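Given as structure tokens, the chain that follows is alone and in the form predicted on its own.
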């Protein structure tokens, strides 16, 4: 485990040197600055009152405003933050596998599985720091403005980071198979923004589909592909203090992580470099 920890720290430092992660931090800082100016200068009750009533959020008016703002902030962070995280993390494995780099790494007394796990935890920890910075910033700015401290809002740090962990297992596996950061990035975008949302709403399509075979195939694909769309719904429910409909996507996604990382380590061990 000491080797995994060492590689994790090295990967974290490597991630710090990546401009995309720094850009993520700067973008978050810029958004937080705008949010500070907005809550100080704008009469939010005139803007968000009708919206909060439309969403039928219970509680006093400030609670309604705070809940709506949380949703408006978390939803873009989930989709936009993961977009940047995928973009910035897709090259770590292909770079590691480049000629010269991989020979140097394999010459050291480090198991191949430890290399994969170190990369996985190192990149994940950097994403966690960025997500935590954004969510904590939102939490304290809105909390100070509305005097409403909803600690459960901080759980979204875990759900957003978890969604990345699911996707990054896939990125690592594709990276090992193709040695291409572009392939890993584009396939992950396709799954995250297209396939996962479509499969999450497959039951609506069942009204238009008569074939039981096609319905069965869609149901199977739903459990094969990462359920990041459903994790996004869980994140939104947490932000709005609503009841989570089902924890099944969490359990299925945990299995998906173990399968992708396990497959990546197995294939990596079998390859010659």
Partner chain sequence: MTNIIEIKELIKVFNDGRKNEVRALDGVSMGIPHGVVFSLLGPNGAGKTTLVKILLGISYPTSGSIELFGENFRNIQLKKRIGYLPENHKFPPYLTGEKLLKYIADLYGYRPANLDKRIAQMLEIVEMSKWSKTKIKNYSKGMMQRLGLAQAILHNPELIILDEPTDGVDPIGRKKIRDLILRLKAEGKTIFVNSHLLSEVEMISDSIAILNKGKVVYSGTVDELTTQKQIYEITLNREFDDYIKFKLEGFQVVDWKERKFRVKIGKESELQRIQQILQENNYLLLGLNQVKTSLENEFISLIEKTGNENE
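Here the structure is a predicted model, which is why all the values come from computation and not from measurement. Residue numbers count along the first chain shown, from 1.
Form predicted in complex with its partner chain: not shown, discussed below.
Student: Contact between residue 179 and its partner chain in the predicted bound form at 4.5 Å, heavy atoms?
Tutor: Answer no; every heavy atom of residue 179 is more than 4.5 Å from its partner chain in the predicted bound form.
Student: Test of understanding: in the predicted bound form, would residue 111 fall inside 4.5 Å of its partner chain by heavy atoms?
Tutor: Contact check for residue 111: yes, within 4.5 Å of its partner chain in the predicted bound form.
Student: Is residue 198 one of the residues lying within 4.5 Å of its partner chain in the predicted bound form, judged by heavy atom distances?
Tutor: Residue 198: no, not in contact with its partner chain in the predicted bound form.
Student: Can you tell me whether residue 186 touches its partner chain? I mean in the predicted bound form, with a 4.5 angstroms heavy atom cut-off.
Tutor: Residue 186: no, not in contact with its partner chain in the predicted bound form.
Student: Would you kindly say which of 144, 136, 106, 194 lies with a heavy atom within 4.5 Å of its partner chain in the predicted bound form?
Tutor: The residue from 144, 136, 106, 194 that makes the contact is 106.
Student: Given a 4.5 Å cut-off on heavy atoms, tell me which of 136 to 144, 162 to 170, 93 to 101, 77 to 85 is the interface stretch with its partner chain in the predicted bound form.
Tutor: Heavy-atom contact with the partner occurs in 93 to 101.
Student: Can you tell me which bits of 143 to 159 touch its partner chain in the predicted bound form, meaning any heavy atom within 4.5 Å?
Tutor: Not one residue comes within 4.5 Å of the partner.
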